[in-house]
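One chain comes next, on its own, written as structure tokens: the form predicted on its own.
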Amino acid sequence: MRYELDFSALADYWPDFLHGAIVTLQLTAIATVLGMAIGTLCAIGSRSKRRWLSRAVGIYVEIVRNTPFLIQIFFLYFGLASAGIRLPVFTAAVIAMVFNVAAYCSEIIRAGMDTVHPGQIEAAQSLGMSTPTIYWDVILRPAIERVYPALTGQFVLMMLSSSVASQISTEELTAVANNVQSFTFRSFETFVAIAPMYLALAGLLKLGFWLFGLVAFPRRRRLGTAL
């Protein structure tokens, strides 16, 4: 028995695929902004002289890095529902993505902060710079600039991992594909169709992060031009 490909069955569902792609981008955008902010705070906390704070951040990071993302999202959606806290599927997906990506961003940013030479911090202190200014201009900005490619790669991976949110019926791209294949009985064609969509979304994100990097890190742009 030969299987005949028929992509025409998907033609009526392209608006649904587009909606799923938009929801995927929305999830990624929110997770990127909030995850970056929380990850930065956690990176600072992990280097704190207050042992309780650095240990708390360490425990959080280890929990996230050593448990599957699917378990994390199930805990937030089904686990909290069992305790009487019912979150909308979109909200649960966003919180899970932020919770996950912030932990990885924390480690990436912390590694970047560790590359800042102590002499630069001492020089800034001798000039009478305030602690917030030192953290921003001397530590954080150079650190984030150094690890920016790793951060952007993590955000793209988070976009791809958003497909897990389909397991709680969040209407992102994979969930839409599951619905479409259940209507059309064309599973192979459906998932073949969304593969280039994910490639396009990943390319779009990389382009956006590259353009943002040119604006946020002019020194990197000048170095690239010089090379």
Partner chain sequence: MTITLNRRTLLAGAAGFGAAGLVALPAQADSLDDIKKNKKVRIAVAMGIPLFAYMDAGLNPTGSDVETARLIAKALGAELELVQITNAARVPTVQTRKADILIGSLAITPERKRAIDFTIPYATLDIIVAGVPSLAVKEYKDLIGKRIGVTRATVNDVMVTQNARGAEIVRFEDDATLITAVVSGQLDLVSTQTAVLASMNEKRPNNRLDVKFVQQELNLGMALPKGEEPLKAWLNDWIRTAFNSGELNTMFKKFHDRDLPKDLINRET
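Numbering follows the first chain given and starts at 1. These numbers come from a predicted model, not from an experiment.
The next section is about a form of this same protein that is not shown, the form predicted in complex with the partner chain.
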property	result
Contact segment among 154 to 162, 49 to 57, 177 to 185, 22 to 30, judged by heavy atoms lying within 4.5 Å of the partner chain in the model of the complex	177 to 185
In the model of the complex, the one of 44, 168, 61, 36 near the partner chain [non-hydrogen atom within 4.5 angstroms]	168
Contact test, all of 81, 86 and 195, partner the partner chain in the model of the complex, heavy atom 4.5 Å	yes
Residue 104 within 4.5 Å of the partner chain in the model of the complex, heavy atoms	no
Exercise: residue 99 in contact with the partner chain in the model of the complex, heavy atom 4.5 Å	no
4.5 Å heavy atom contact, residue 74 and the partner chain in the model of the complex	yes
